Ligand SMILES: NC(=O)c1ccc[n+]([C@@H]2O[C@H](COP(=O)([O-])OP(=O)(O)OC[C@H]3O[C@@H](n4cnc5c(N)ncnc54)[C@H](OP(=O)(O)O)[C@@H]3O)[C@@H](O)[C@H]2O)c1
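Read the single chain below, which is given as structure tokens and is the form predicted alone.
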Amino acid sequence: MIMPAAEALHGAHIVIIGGGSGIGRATALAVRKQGASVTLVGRSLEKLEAVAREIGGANVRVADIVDRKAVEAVFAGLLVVDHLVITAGSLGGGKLAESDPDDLLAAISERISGPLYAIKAVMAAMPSTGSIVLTGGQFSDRPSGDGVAVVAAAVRGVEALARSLALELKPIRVNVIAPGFVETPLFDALGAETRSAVLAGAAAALPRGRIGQPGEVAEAITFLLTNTYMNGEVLHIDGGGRLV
């Protein structure tokens, strides 16, 4: 029997890594409205606690996704995790000629190594009906020459990782959400002026004439969690950004 989407998450326990802001926060709001319990994981206790209050209660665990021991500690006391959502990741980058490769490789650590730590750690607590949602991005299909080469490689790698793990971890499902430009604190690192210019330029280039909102991506993530026939897929939510 296929459970209606509105009921599919009721009573489920969902761990959201990157749940302190942006898409992770929006996802926490969305799944709580459907009756799920949530464990929020991130680097800032203050931000996590703020989101927990906003959604009416959640467990909070402080961990940097690239810190293997910290990630393992998050899952050590959890008996059941029905779904794992990983939205953590920064916007770090730079042109190779102007950057230390070791600094650029932080994108690989955040988007490949970190998720591997989390997936390995959650396996003992995840039932066969569980699922995992990883975060890729538009740069996988639409790279640019603006210093995002390693980020593009990382998000492309996320897609390959998910497809292989969907077979390796079966019947647990593994999917990828691939956002385009979305208005989140991710861009704050650019500084206010550059942030505004980058997002305005992206909006002008998109067919819809605007960038996305975290809640729109959260809706797509919720779909991946609740549609039990979705597996090994990359769901693009980029406003047509791959086309322009």
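Keep in mind the model is a prediction, meaning the values are calculated, not measured. One-based numbering along the sequence shown.
Keep in mind the form predicted together with the named molecule is missing from the figure; the text below concerns it.
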Is there a heavy atom of P185 no more than 4.5 Å from a heavy atom of the named molecule in the model of the complex? yes
Is D141 close enough to touch the named molecule in the model of the complex, meaning at least one heavy atom pair within 4.5 Å? no
So in the model of the complex, is the named molecule close enough to E110 to count as touching (4.5 Å, heavy atoms)? yes
4.5 angstroms heavy atom contact with the named molecule in the model of the complex for A218: no
Among A154, A88, L84, V174, just one has a heavy atom within 4.5 Å of the named molecule in the model of the complex, namely A88
Name the stretch, out of 118-126, 164-172, 97-105, 132-140, where some heavy atom lies within 4.5 Å of the named molecule in the model of the complex. 132-140
Select from 158-182 the residues with a non-hydrogen atom within 4.5 Å of the named molecule in the model of the complex and write them out in sequence order. P179, G180, F181, V182
